[in-house]
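Before any questions on binding or motion, here is one chain by itself as structure tokens, the form predicted on its own.
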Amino acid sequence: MAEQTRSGIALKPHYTRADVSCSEAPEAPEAPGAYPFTRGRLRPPQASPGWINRELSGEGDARRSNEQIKYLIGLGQMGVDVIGDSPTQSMIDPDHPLVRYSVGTQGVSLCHKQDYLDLLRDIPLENNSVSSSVPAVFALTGLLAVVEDRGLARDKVRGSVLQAPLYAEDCGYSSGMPFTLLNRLAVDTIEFAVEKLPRFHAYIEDTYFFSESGLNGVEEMALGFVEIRHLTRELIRRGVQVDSFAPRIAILVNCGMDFFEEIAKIRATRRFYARMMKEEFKALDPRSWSTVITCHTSGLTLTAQQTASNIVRGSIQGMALALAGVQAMEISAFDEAYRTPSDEAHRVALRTQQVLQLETGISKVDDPLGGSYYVEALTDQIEQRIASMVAEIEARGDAVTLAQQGFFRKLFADASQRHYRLVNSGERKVVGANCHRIPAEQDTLLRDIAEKKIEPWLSRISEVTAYRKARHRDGVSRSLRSLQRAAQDKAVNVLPEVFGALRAGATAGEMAGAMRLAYDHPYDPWGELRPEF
């Protein structure tokens, strides 16, 4: 049987120029930074080909996570990226009866304005972009609260939020929101940023989180493009000009262990995106054709066995990303199979990036593998397969309808089952897990660090309870009723009302509940709480 990539592309023993028949100019490929950007995105001539070093952080409450951010900046991190804990991701407040034992254990607990002020306290926003894996509507308004508190100009704000309305309920943290509301919040957020935040990336297509269900590279990017295309059409239908938002679209991709396929996937992604924006959506600004690619290495590939091997995996994945020419990178910490990153694991992951960037010479040349018969042929085939899968999905109907019918949920479930079947059978080799194993008593390297348990941040519950009692109740109630009315009016952008409610003292859970009610859904999908406004 012929060797294959993870996406099932059959491989030859060797490649020649004849295998690159699909490239537009195989003998003279385009220069890096030129359309269709296979070899690297558009950028100023003298800009460095390196990438932004970041590590995803967040643990406990906002004050604890602020310490983590400062620690990473002290190690040389070039920007801020935080992840919310599971209640935050699900738009549930930390004092909800169902979540007390998960508060702060998988990220930072954020639910009201003061949390965002504490999270970014003493972090110079003039020098650091702020990105977050937190529901976009709250991440953006929380950042605006910090900007307002400091008296900064909105047009200087840099950072990003993630958008995944089609997939979040199926393979992420369920918020109990209807797909139509999630879709609207995504469009509202992007439209608001176009008008108010010209330097902010309000649309990061996060293919990483649903790729972690076990999708291969082709499936990952095809689903990503289905969502990009859907939201682009929605924005254009609303009257937003494509060149006003397309230059600020970025894609957060996954990076697994199939080294050359991951490189080719990123090159194919840039090319597919460029052609789509120019030829189909008729964007005229060259910046609209060239998407930013950022990446987080795959947590799914990391093992609880022989934890030190995860450092090797992160290094290999980081090298693939460097060779592919990403704009920002985060390497999964070696203890990810057990916990959010420890200080030691954060440091190792960041140092891995810095060694790659400063010692190897990788970042001195754009697209060093460009012209490789193998890489060019693989890029062609991946692009073709992405295009074919996108067309197949779109032929089935409207993306929101497909989401409501469970079409994407089945894709994720099938991919997860496929991944574990391949690993459990040994067909996909994973060192330490299904081959080259050692007895548990010998598996001690870094184990003491990895197994440090994070206790639930139970103090947050009493803090939030006290916060509710101390605020101006009537003002909060008025703001939530105003938000509910705005959400009922489909022609209104709800972001200003969300920001108003946050400023008035409302919590994320209360705001989410008000918006659910506007869409005739339960205030609390879990049946534990009733609205108090």
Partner chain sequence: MQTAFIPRIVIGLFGIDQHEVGAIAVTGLLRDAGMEVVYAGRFNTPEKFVREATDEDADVIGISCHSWEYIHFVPELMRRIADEGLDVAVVLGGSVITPGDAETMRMSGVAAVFGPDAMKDQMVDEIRALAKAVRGRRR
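It should be emphasised that the depicted structure is a prediction, and the values quoted were computed from it without experimental measurement. Positions refer to the first chain, counted from 1.
FYI, the form predicted in complex with its partner chain isn't displayed, but the following is about it.
Stretch in contact in the model of the complex with its partner chain, which is absent here, among 190-198, 123-131, 414-422, 279-287 (heavy atoms within 4.5 Å):
Answer to the contact question: 414-422.
Please identify the residue among 235, 433, 249, 350 with any heavy atom within 4.5 Å of its partner chain in the model of the complex.
When its partner chain is considered in the model of the complex, the option within 4.5 Å is 433.
Of 149, 451, 118, 343, the one that lies within 4.5 Å of its partner chain in the model of the complex (heavy atoms)
Looking at 149, 451, 118, 343 one by one, just 451 meets the 4.5 Å heavy-atom criterion.
When its partner chain is placed as it is in the model of the complex, are 92, 100 and 305 each within 4.5 Å of it, taking any non-hydrogen atom of the residue?
Every residue of the candidate spot has a heavy atom within 4.5 Å of its partner chain in the model of the complex.
Interface membership of residue 389, its partner chain in the model of the complex, 4.5 Å heavy atom rule
No, residue 389 sits far enough from its partner chain in the model of the complex that none of its heavy atoms falls within 4.5 Å.
Evaluate residue 169 for contact with its partner chain in the model of the complex, applying a 4.5 angstroms cut-off between non-hydrogen atoms, and reply yes or no.
Answer yes; at least one heavy atom of residue 169 falls within 4.5 Å of its partner chain in the model of the complex.
Contact with its partner chain in the model of the complex for residue 106, defined as at least one heavy atom pair within 4.5 Å: yes or no?
Yes, residue 106 is a contact residue.
So, in the model of the complex, is residue 183 in contact with its partner chain at a 4.5 angstroms heavy atom limit?
No, residue 183 sits far enough from its partner chain in the model of the complex that none of its heavy atoms falls within 4.5 Å.
Judged by heavy atom distances of 4.5 Å or less, which residues of 142-163 approach its partner chain in the model of the complex?
Counting only heavy atoms within 4.5 Å of its partner chain in the model of the complex, no residue of 142-163 makes contact.
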